[in-house]
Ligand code: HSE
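Single chain ahead, by itself, as structure tokens, in the form predicted on its own.
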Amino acid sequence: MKAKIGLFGFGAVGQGFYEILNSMNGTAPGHVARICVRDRYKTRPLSPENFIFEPAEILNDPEITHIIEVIDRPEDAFIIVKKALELGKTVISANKAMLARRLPDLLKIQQQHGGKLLYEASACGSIPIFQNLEHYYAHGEISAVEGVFNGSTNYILTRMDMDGLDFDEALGLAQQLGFAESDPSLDIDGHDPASKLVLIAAHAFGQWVEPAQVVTFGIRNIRRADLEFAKANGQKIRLLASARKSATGALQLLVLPTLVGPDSSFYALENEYNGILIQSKFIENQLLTGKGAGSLPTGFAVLSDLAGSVKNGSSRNNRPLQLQRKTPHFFETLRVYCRCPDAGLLRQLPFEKILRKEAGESGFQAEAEIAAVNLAPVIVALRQNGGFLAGMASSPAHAQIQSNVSLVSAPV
């Protein structure tokens, strides 16, 4: 039996899904019966008669069994998904911001009314991370999950590094190619990977953390001096999201630019590609990579959920996701790179110790150690003053590289 689909949204992801579905001819798992959009006057690749503008026309149609929600407004998305689940429909969502805030509520509604909620497309584009965590790692005793979770920022960093573009030029190019939105704040300020991290941590550890509790610093303030520092060290800068569990079960969630060397799993990850490194007790490290941005890769993730739902009743295990609401704890001491506009501010930041520093045209560049619990005030101060912060790997290869850097070790 093929699904009769109500599609909400016809932006990049909606169009990608629609294109893939209609290219499958007789093998497609369903067909789109109606497409609901918000803007009546926006130019689209289909003629106007293909669109409706009232959600109720889809939600109240008893023949529509599957709702696909790929709109950009979290509040509107929640209303649609909630109502569809209450009606017992299968819902496929790509809205990571909405899910990161409301997943526990939606899981309750799903249980009460018998609907099904699927959201593989909400994190890391074409990488089937939730299916891997729920099936392959169901008994894997995961200790950490980290990676590049945002294709837009990875594309920007790649073009800055490889083509010598400044930040605004690289961002504009990402927007032209559809990797970044017209308002890119969620990407470049790190909120998009933070939302994905919340969802991934929920499946990896069974713990629920509010997105606002994830310590987050994006790449908005990155400058040429930061990239040159990384290059002088034989490294690149990547925006990494990480969830780590301590020996006592405490969970630490960070989104932070990080200097990675050739020994890192993320060093060769370029352009819009995402990568997720899963660390577990029995198989140690496993790296999953794939395109994390773009119409077709994310549209394919939507299709995967649809096909699994039609074939098996669900694309995931039948066991319900059990979540414990937790407050994150920050237990590590990190080595970081910091670019600070002036020495006075650098002295005020709560570093454990400043290892080395030097003055340049862009202010002071320093290597320091900081307790993760003290990251938040440092991030606020640097964000407000145009500074930059990045984690530094602590591998032996990294230590060898660092020995060649001529930073001045004078006190601040």
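All residue numbers are counted from 1 along the displayed sequence. This structure is a prediction, so every number in the text was calculated from the model and none was measured.
The same protein also exists as the form predicted together with this ligand; that form is not shown, yet it is the one meant from here on.
- Mapping the unseen interface onto this chain, Lys236 falls outside it, with no heavy atom inside 4.5 Å of this ligand in the predicted bound form.
- Taking the partner from elsewhere, Gly292 is found to have a heavy atom lying within 4.5 Å of this ligand in the predicted bound form.
- Contact annotation: Asp226 falls outside 4.5 Å of this ligand in the predicted bound form, judged by heavy atom distances.
- Proximity of Thr258 to this ligand in the predicted bound form: non-hydrogen atoms within 4.5 Å are absent; the residue sits far from the partner.
- Only one segment in the set 129-137, 178-186, 164-172, 329-337 has any non-hydrogen atom within 4.5 angstroms of this ligand in the predicted bound form, and it is 178-186.
- In the predicted bound form, this ligand lies within 4.5 angstroms of a heavy atom of only one residue of 64-103, namely Lys96.
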